[in-house]
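One chain follows as structure tokens, the form predicted alone.
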């Protein structure tokens, strides 16, 4: 029976870890808060005292944490997973990290005989719990083949962009474009409200017209009704992803004014509603100046 260590049980990670249990894997879990693991433990997961403990005898270690610092901590500190991973073990990074961090992690873990798979994901928490994420992979083809049995339970689509780092590049592009759409939508909704338009009709038109996208469809009605229940992505996380994306973009293009503008918008959103749903951008742009 394959053994997986899963580290990071937030909105996405919890459902992903559950998928390995559903698929019959032996699963060890670690999270900063044990409370988030209680139902997984009840289903058969082994609670671990640290990432190092979780990784003992694992065939693959999968991480889903917030950012570069969290990733570095769970992999490389004295209590990190890499301390006890056997040579040849898969290190599958599903977190959204910076491009340089992905390259640095690959180099460091490869130097320890481990196989690093750059594998950020797209999809909402419901998709994570159903095993229907899209996996954005950067890895050698042979390494990806070895990793597939550990990817199949969590995703129904694998997009292999090339070498390590390319999966992260696309994830940052994807999330930056999402930030642009959400910030633009918030301004559009605010303009419509101030102009006195029928907002029920505005919601219908936005969700069915030429500008409709999954982000617009999902957020337009929520912004108009100001119903942000069931938050799945916070302003702070979107700001983090936009920061990593702009940092990368500025190394590749002479100017990225749209990207810089949306990062500035999320600077403000993070300052006022860091841990709230990113859809609250509407409240930021509507505030009196």
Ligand code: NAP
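As the structure is a prediction and not an experimental result, all values here were calculated from the model. Numbering follows the first chain given and starts at 1.
In what follows, reference is made to the form predicted together with the named molecule, a form of this protein that is not presented.
Checking 72-80, 100-108, 190-198, 209-217 against the named molecule in the predicted bound form, the stretch whose residues place heavy atoms within 4.5 Å of it is 72-80. Taken together, the three residues 5, 26 and 143 lack any non-hydrogen atom within 4.5 angstroms of the named molecule in the predicted bound form. With the partner omitted from this view, the residue of 124, 177, 158, 130 that lies near the named molecule in the predicted bound form is 124 [heavy atom within 4.5 Å]. For the options 258, 66, 246, 264, the one in contact with the named molecule in the predicted bound form, meaning a heavy atom within 4.5 Å, is 66. Among residues of the shown chain, residue 221 is not one whose heavy atoms approach the named molecule to within 4.5 Å in the predicted bound form. The closest heavy atom approach of residue 273 to the named molecule in the predicted bound form falls outside 4.5 Å. At least one heavy atom of residue 241 is located within 4.5 Å of the named molecule in the predicted bound form. Heavy atoms of residue 232 reach within 4.5 Å of the named molecule in the predicted bound form, making it an interface residue. Residues from 32-57 that approach the named molecule in the predicted bound form with a non-hydrogen atom closer than or equal to 4.5 Å are 32, 33, 36, in the order they occur in the chain.
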